[in-house]
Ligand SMILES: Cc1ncc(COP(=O)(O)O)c(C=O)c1O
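Single chain ahead, by itself, as structure tokens, in the form predicted on its own.
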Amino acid sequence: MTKTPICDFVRQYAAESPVRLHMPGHKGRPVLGPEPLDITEIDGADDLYLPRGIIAESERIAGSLFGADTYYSAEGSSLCLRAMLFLSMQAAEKPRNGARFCLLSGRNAHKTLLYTAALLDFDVAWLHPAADDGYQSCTVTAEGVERALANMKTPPFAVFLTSPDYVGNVTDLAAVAAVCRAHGLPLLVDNAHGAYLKFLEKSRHPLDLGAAMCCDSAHKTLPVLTGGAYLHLSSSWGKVTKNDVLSALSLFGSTSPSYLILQSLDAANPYLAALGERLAAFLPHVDALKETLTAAGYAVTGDEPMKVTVRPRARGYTGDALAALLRERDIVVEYHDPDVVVLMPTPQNTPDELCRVGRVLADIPPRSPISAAPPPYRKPMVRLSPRQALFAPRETVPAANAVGRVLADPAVSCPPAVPILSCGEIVDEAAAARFAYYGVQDLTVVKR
């Protein structure tokens, strides 16, 4: 039976009902409900960034399940992403002849990457999407990475990809990893949406496909509280030590991590131990839902097993309109925009719930197809580095009046947190059209 040392400690402590003369200020007395289990770094509770007791034991258990050197985050994959970039930059050789550190990244990276680039002061060379890719997607191939590396004057310190992406597309990471190895570069993967991929009948987890490091958002696809995530390192990379990793996480993380989230990660370990069986029983129901929707005339795209991305224009609806109709029927989706509706089922959903979703969508009456498409992507011009743009004096202007200005801050909400334009790039007519299409009304630009 898989142990849960963090949960066991906290439950025992709560059962003892001591006089709490330590943080948090609620003293374990319920207001919302979970307060008795909400503690801080008291004696025996260990330290997330210097773990030697129950947290270290729990992380070892998680690592044995993932087959990796695994570290917990109570601040989501964003903390792990920042630590990954810092570690790979620190492990790289300093560029010669005064060149700057540079990262090669897929364009559909989470905006945390840009903020980290500004904080650490490195440049980003983009792998650009196809013209017809939505801004959440960026088709990346091994051949494309090889060409990009050949065209770079200075080798990057790492290659960074997002897979699966927000709408369920999965990159051939094994092929890209082979290119990275040939160039002596670490492959970093934002696997926020794919923690469960390790537990498929045949693992599709980034570390098993050759990545040096990856982050998983446990809360996205596992029964973990919001904010729970993992940083995984491949033992085959070997460029950093455990102390390096803990130092990197501590550099960017709060000194007051949530013990509710840590308990949630700890409690997920027994779930992970049996997840393969759960997925084997559940995924056929997801496949059946996709088949139902396809038969009803919806386009279902993406190849991530546990995500259902619906493109309803052929059936006469925008993604936003379809999501509104679903909400009226007490079905709440993960994400929607003019083009797509993203559903994220997990084994915590019941087969009956998936059947109901299929029936509701099939019963929505079809209308005349919508032919409009998102404005095509055009490679933007770069004026400033991410650091120069983010730290420059700024002002907010209507997006319609921003053509010719330099973007200071990514103008995108979460979800999906994928910037339409990078900070430091010039807002051209193509970018302005995309902002208008996706409903972005105001932009933060560098002050003139």
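What you see is a predicted model, and the numbers here were worked out from it, not measured in a lab. Numbers for residues come from their place in the sequence shown, where the first is 1.
Keep in mind the form predicted together with the ligand is missing from the figure; the text below concerns it.
No residue in the set 9, 46 and 58 has a non-hydrogen atom no more than 4.5 Å from the ligand in the predicted complex. Screening 309, 77, 88, 105 for any heavy atom within 4.5 Å of the ligand in the predicted complex leaves a single hit, 77. Between the options 204, 220, 336, 290, the residue in contact with the ligand in the predicted complex by a heavy atom within 4.5 angstroms is 220. Looking at 309-317, 294-302, 122-130, 185-193, the stretch with residues near the ligand in the predicted complex, meaning non-hydrogen atoms within 4.5 angstroms, turns out to be 185-193. Interface membership of residue 81, defined by any non-hydrogen atom within 4.5 Å of the ligand in the predicted complex, is confirmed. In the predicted complex, at least one heavy atom of residue 166 sits within 4.5 Å of the ligand. For the chain shown alone, residue 414 is a contact residue for the ligand in the predicted complex, at least one non-hydrogen atom being within 4.5 angstroms.
A residue is said to contact a partner when one of its heavy atoms sits within 4.5 Å of a partner heavy atom; residue 110 meets this definition for the ligand in the predicted complex.
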